[in-house]
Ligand SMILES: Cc1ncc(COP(=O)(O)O)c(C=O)c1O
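Presented below, as structure tokens, is a lone chain in the form predicted on its own.
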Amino acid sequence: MASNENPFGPSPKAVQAMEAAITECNFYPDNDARELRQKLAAGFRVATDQVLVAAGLTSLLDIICRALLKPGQNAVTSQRSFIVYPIATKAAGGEIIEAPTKDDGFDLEAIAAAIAPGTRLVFLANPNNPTGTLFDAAALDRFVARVPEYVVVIVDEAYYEFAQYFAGQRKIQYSHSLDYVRAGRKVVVLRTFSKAHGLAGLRVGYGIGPADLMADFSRLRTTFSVSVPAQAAALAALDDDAHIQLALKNNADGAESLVKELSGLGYRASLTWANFVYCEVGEDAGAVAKRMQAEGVIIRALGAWGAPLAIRVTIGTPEQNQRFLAAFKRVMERAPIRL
């Protein structure tokens, strides 16, 4: 329960598509993933050349940084956000600037204030990983209006489907990020098949943004990086809304249950907009994670994210959630709460 995978696995339609595609694996995949790009473009009402498919969002973030950063330039993001942002930025020779968090999430005012002449990228994770927090569409509108033309805003919506489901329940407007792309703004929206679609092991992510940027990014991809089965599975997954809805409802129910249970035990568990729960445990999270692993449950300790007293636990099936809670109660009985 550490990597935010879909506990129900891939769609049955995606499994069937992968099985059929195995017989074509003597051929290299379509390097441009044309059919998948066309389907995504039609669904999101953008041009096909505004969509780029890559081998997961980690790969795409690396490409973006290599394309847009050089020594002496920087990218701005938040503390306690996706750990790949600083890694990819520094690997490209750039500097990472991390604004302080606000209420466990992004302080968009602080991030806007941190933008300088040397800034080329801003990374916004919405919902944020690992804290599960969210900023609404109006807040992003205000932020984008302040960003200089020379800065590209990366809106990372890896958990888009979960957040959209919660937004419907909680009566807020979560995101209209693609409107910026349609309006020609320097905004790139990132989404993935790894989470709600259950295809984490196949590595299929995509970006939607200005056509000229997508073309620049495309030239830096590894050739044939998205395999034949991966492209087939992603295409089929888009047609199985029932499978997605099953995952989203289970996730919403599990989120409510886990936050309630952890809070009832005296720990600070944050309201989540994703498929995981951020929880401060009051002691070294790495030690807690080791004790949990000894109980047969793997969770994520967040010391590397700058939160040494916090864990992130993926929301699983009801049975998985109960197994986590039972193990957590046992291991936490061995140490006092120190919040």
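This structure is a prediction, so every number in the text was calculated from the model and none was measured. Note that residue numbering begins at 1 and tracks the sequence as displayed.
Keep in mind the form predicted together with this ligand is missing from the figure; the text below concerns it.
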task = May I ask you to state whether Tyr160 is within 4.5 Å of this ligand in the predicted bound form, using heavy atom distances?
result = no
ask   = At the 4.5 Å heavy atom threshold, is Thr48 in contact with this ligand in the predicted bound form?
value = no
key: Residue contact check: Ser270 to this ligand in the predicted bound form, 4.5 Å heavy atom   = no
query = Are any of the heavy atoms in Ser177 no more than 4.5 Å from a heavy atom of this ligand in the predicted bound form?
reply = no
note = Only one of 193 to 201, 257 to 265, 240 to 248, 212 to 220 sits within 4.5 Å of this ligand in the predicted bound form by heavy atom distance, namely 193 to 201
request  = Work out which of Leu57, Ile299, Ala310, Leu40 lies within 4.5 Å of this ligand in the predicted bound form, going by heavy atoms.
outcome  = Leu57
